[in-house]
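First, one chain by itself: the form predicted alone, in structure tokens.
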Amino acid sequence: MLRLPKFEVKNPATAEEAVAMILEIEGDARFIAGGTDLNPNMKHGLFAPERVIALNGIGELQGIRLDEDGSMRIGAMATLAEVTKHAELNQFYPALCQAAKLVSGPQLRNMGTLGGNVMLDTRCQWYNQTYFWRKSLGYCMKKDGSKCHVVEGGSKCVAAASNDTAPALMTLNAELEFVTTEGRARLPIADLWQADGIWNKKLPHTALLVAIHLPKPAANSHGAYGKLRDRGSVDFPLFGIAARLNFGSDGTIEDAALCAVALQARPWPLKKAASLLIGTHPGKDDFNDAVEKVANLAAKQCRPMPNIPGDHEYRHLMVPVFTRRTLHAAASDEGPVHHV
């Protein structure tokens, strides 16, 4: 049986108090939201915090609201289940709701939070194992060792970002609100990431995500999320891709965005590929031709590595397939794309 290590639990009432609590001790301390990722990682010996700061008592981290300017604020502690059921989010930001709906299974979506999914630790088949397994292997660069088992002689960890909601939020130009030791800060989600699998955020783990802000959507904005996984639930993505298409009054695509995940340490925007869709007409030959070009370009840009379970060559073959399916789903509002 895998057991949790000993730790103390603190229950702050405010975000500022939570940040202060994480800095009070010299040893490791961690925030805990739904606990669906932190708890198993602690059981595997990947983290052994002396203090865990529970965030469920902080009021401003809760809830989802539509602001007067048409933007939306999602508290970091809003559960993934709440996101999937929210009427305005489903109407205006379908890719986000689809991505949240494809995270894990129903029980974990009831506990797991949107903020927790955004801040999810990177994953690797050589890292997300029990302590006994990792010790037998000789550990890895991300934890206790100095060797990368994915890239021979590699100098940087390539554990993969595996958070389904991150690419959807990237296509939506979301902003993240943090409380840090220096005060409050908001930054575009695109500026959060760095290409380091050991810690793929530019902010330290002592920074607390308070809310996710979504800008007012365009008048005719569509989206979809596609997820490759072995089973119909529970699994992390073998490949994920989010798409946003903004239509003009004449039905042409005026703006487009694509972002992939589960390839490397950060979500990967496919800006050049998305630009090929602008000016085309969904349902007509020019759009279909553009989708094929986008799918082929995505396959050239997205090169899965053997960093997560699943054959990386198969995953690469599925990149154009899921890019194509997700774009057609976004254009026709067909809903999420996933493969079992």
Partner chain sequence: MRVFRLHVNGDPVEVAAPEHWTLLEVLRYQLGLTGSKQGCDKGDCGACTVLVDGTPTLSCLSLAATVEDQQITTIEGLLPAHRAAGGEGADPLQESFDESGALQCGFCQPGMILSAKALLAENPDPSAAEIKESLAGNLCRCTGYTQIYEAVLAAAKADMHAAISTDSAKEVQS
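Positions refer to the first chain, counted from 1. Please read all numbers here as calculations on a predicted model, not as lab measurements.
Keep in mind that the form predicted in complex with the partner chain is not shown, yet the notes after this line are about it.
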### Task
Specify the contacting stretch among 183 to 191, 105 to 113, 213 to 221, 163 to 171, defined as having any heavy atom within 4.5 Å of the partner chain in the model of the complex.
105 to 113
### Task
Flag P40 as yes or no: does it have a non-hydrogen atom within 4.5 angstroms of any non-hydrogen atom of the partner chain in the model of the complex?
yes
### Query
G34: heavy atom within 4.5 Å of the partner chain in the model of the complex?
yes
### Task
Indicate whether the partner chain has at least one heavy atom within 4.5 Å of a heavy atom of N11 in the model of the complex.
yes
### Query
How about A295: is it within 4.5 Å of the partner chain in the model of the complex, going by heavy atoms?
no
### the partner chain in the model of the complex reached by all of N56, R231 and V234, non-hydrogen atom within 4.5 Å
yes
#### Entry: Contact assignment for the partner chain in the model of the complex, among R266, R134, K101, H86, heavy atom within 4.5 Å
K101
### Message
Quick check on this chain: which one of A290, L61, V52, A274 has a heavy atom within 4.5 Å of the partner chain in the model of the complex?
### Response
V52
### Summary
Near the partner chain in the model of the complex, with a heavy atom at 4.5 Å or closer, the residues from 1 to 21 are M1, L2, R3, L4, P5, K6, F7, E8, V9, N11
